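A lone chain, given as structure tokens: the form predicted on its own.
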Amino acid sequence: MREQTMPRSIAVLGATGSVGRQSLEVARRHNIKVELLTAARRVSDAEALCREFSPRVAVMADRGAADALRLALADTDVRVYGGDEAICEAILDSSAEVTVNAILGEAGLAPTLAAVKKGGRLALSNKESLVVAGEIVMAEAKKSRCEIIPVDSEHSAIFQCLHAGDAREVRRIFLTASGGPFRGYTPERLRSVTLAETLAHPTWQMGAKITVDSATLMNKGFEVIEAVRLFDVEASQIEVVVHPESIIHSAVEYIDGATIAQMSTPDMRLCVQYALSYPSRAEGLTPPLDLFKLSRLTFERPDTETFPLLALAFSAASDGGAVPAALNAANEVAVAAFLREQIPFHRIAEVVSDVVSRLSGAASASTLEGILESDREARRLANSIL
């Protein structure tokens, strides 16, 4: 039996968010030293975590929040810094064996690139890093020999299933989706859904932005792009399957007809722990799956007419360049407007589709600078449309 191995120390980026907190639960369970913690602006939450885990360094993206945290932790040995650049500097200076990137949104891209440059292992939950600049991130990881282990439940499942064969033997990847709160709705019915209804995800407890993306199926679209980059497959090899029970987290079909699926109780702590312990497994916090209590497992094709952003993401994955970055940027702007109740739910897809159609030249972008320029242009366009 392979000896169980857990890292001695980790860095947790986005520590006050959902995945960040679950990462810290795993660290607590296995007595893993947390060397670095980062957060955006939740000072009281960050203070509590720093007092419990005693990291060597804590960084707040917001400089004002960093000043407040520094004052709150004046009686400790924790060194506190502020600003986005300080996060990247702290990653490069860290001796943590594994960096967990649980930062939400495009703000996680620079930390991902810093972690990749540092080398070692990156447990990646920030999907935007691979959506916005996946080709660049994976190329840099190859250079530095950085091992990227996915934390998203679907990509963790695919990663595990891929160990059943060789990459050249993969025929299809089945990426499962819960379907979100509006599964089965017509376009007409979507026009009247409320913000509260949108934020009521049937399976997962997540942040507001990701929950909205799940309702539009944009989150699944981002996961398609992420899978293309992470596993070096064509978009045509990926098939999204709506699986409302969220028990099968994804599956891989091989050329001999065998389909290997990963099943578990929906719990992100399992994904975080596997990214830390791989290639070993360790006793975890996730309740075991009781097959006898499962009444049935159902599967449906996604409705891309009602939820067009999923089809748009497949197209962006094939186009490459800065098209995925433009897609992500426009979506961030539109979702933020919806969360402020400035636009109705159905307008999210309309705004994003309009922006992407206007940035036809984005597919030719191949440098980080070009991709980020397309990102900025997409945000300007989205705001002008709104």
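So that there is no doubt, residue numbering starts at 1 and follows the sequence shown. Treat the numbers as computed from the prediction; the structure is a model and nothing was measured.
Keep in mind the form predicted together with a small molecule is missing from the figure; the text below concerns it.
- Of the heavy atoms in residue 119, none are within 4.5 Å of the small molecule in the predicted complex.
- Residue 244 falls outside the set of residues with a heavy atom inside 4.5 Å of the small molecule in the predicted complex.
- With a 4.5 Å cutoff on heavy atoms, residue 107 counts as touching the small molecule in the predicted complex.
- Contact annotation for residue 240: none of its heavy atoms lies within 4.5 Å of the small molecule in the predicted complex.
- Distance criterion of 4.5 Å from any heavy atom to the small molecule in the predicted complex singles out 87 from the list 157, 227, 87, 131.
- Though the small molecule is absent from this view, in the predicted complex it lies within 4.5 Å of a heavy atom of just one residue from 362, 10, 378, 19, which is 19.
- Look at 282 to 290, 158 to 166, 232 to 240, 120 to 128: in the predicted complex, residues with non-hydrogen atoms within 4.5 angstroms of the small molecule sit in 120 to 128.
- The candidate site formed by 184, 346 and 348 is entirely out of contact with the small molecule in the predicted complex, as no residue has a non-hydrogen atom within 4.5 angstroms of it.
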